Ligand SMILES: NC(=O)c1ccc[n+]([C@@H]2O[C@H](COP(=O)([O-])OP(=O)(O)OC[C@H]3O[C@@H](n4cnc5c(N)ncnc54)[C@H](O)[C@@H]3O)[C@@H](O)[C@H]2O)c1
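This document opens with one chain alone, in structure tokens, the form predicted alone.
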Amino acid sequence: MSKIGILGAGSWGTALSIVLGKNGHDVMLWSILKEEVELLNTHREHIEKLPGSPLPDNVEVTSDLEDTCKDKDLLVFAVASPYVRSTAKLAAEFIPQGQLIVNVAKGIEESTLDTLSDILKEELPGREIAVLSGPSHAEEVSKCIPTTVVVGTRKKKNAEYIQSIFMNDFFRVYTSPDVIGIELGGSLKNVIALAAGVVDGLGYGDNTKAALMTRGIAEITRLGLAMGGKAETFSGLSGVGDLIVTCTSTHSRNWNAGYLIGKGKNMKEAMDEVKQVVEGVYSAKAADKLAKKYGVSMPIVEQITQVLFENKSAMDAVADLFSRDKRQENSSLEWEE
């Protein structure tokens, strides 16, 4: 069995420690928060975020970053996207050259427009970086509910190794070389999920949300292709799959924040009530900037960014989306003359 270090003991890092522990690996789960380490060691479960999902005996919880990083077959970066760069800086001296790292957070850095794998490559040069994404609520994974994800890395052998580490009879893992496509799908769906929560909060129906999700994946795909992703990825697990689960589930912190905004709260009030990092908020501005940089039309992203940061009313944003000029649904299709 393998030795694995997980950086980040929030809901997702903890859920993955349960998966890897059940697979028989020796797991060290690290948190920078002393109170979180104490909670997990005392109760052997994350009673605040994943109640009823105990840690296997072979999962050790620690605040020692050096021990977590050294002599590991695989490192898992499971910190929320706003903290990936700072955590990488903190851990750099303890991570050897050639170390295989898989990032499982989803987001885009607003100040640089870097993906999270770009950040890790910059802060941890000489290491092997992979990503893991897909429709995977931590609350369900921690309870061994069947889940399917995709791991992306340029080297097939690394993807297949990570696949073998994580995969079991309830956690199925596919492989892909399309790292940028996987990251963009996983990051941008959070922005669309905020918008989905808004339309639910406003009291609109299934028709409205279906339209939002369908046009949302069209926006994600347009930007993804412009940035070098592959169309197949956006119709797969980290595209349509992740979009569906994040837009339709009450487990989704992005949907929940959007729902509260639709009910009249502002962005800060919604984030405070959700009490977790709402990664779509951090990715929205970056997505809007990327759309402008690459000359890609992303009206849903543009409107939700205005709602979040420019005090635009949610009702006005929906009205503006529906009053846009007429369009052909797919401009690549040809008419019969």
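Because the structure is predicted, anything quoted here is derived from the model rather than measured. Just count from 1 along the sequence shown to find any residue number.
A second form of this protein, the form predicted in complex with this ligand, is not displayed here; the remarks below concern that form.
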Does H137 make contact with this ligand in the model of the complex, using a 4.5 Å heavy atom cut-off?
yes
Contact between I32 and this ligand in the model of the complex at 4.5 Å, heavy atoms?
yes
Should Y83 be classed as touching this ligand in the model of the complex when contacts are defined as heavy atoms within 4.5 Å?
yes
Please check if Q276 has a heavy atom lying within 4.5 Å of any heavy atom of this ligand in the model of the complex.
yes
Only one of V104, L260, L223, I217 gets a heavy atom within 4.5 Å of this ligand in the model of the complex. Which one?
V104
Answer key, this ligand contact in the model of the complex at 4.5 Å (heavy atoms) among K285, K70, K312, K49: the residue is K49
Is this ligand in the model of the complex close enough to S11, V79 and T87 that every residue in that trio has a heavy atom within 4.5 angstroms of it?
yes
Pick from 192-200, 123-131, 138-146, 165-173: which stretch has a heavy atom within 4.5 Å of this ligand in the model of the complex?
138-146
Do any residues of 239-254 have a non-hydrogen atom within 4.5 angstroms of this ligand in the model of the complex? If so, which ones, in sequence order?
R253
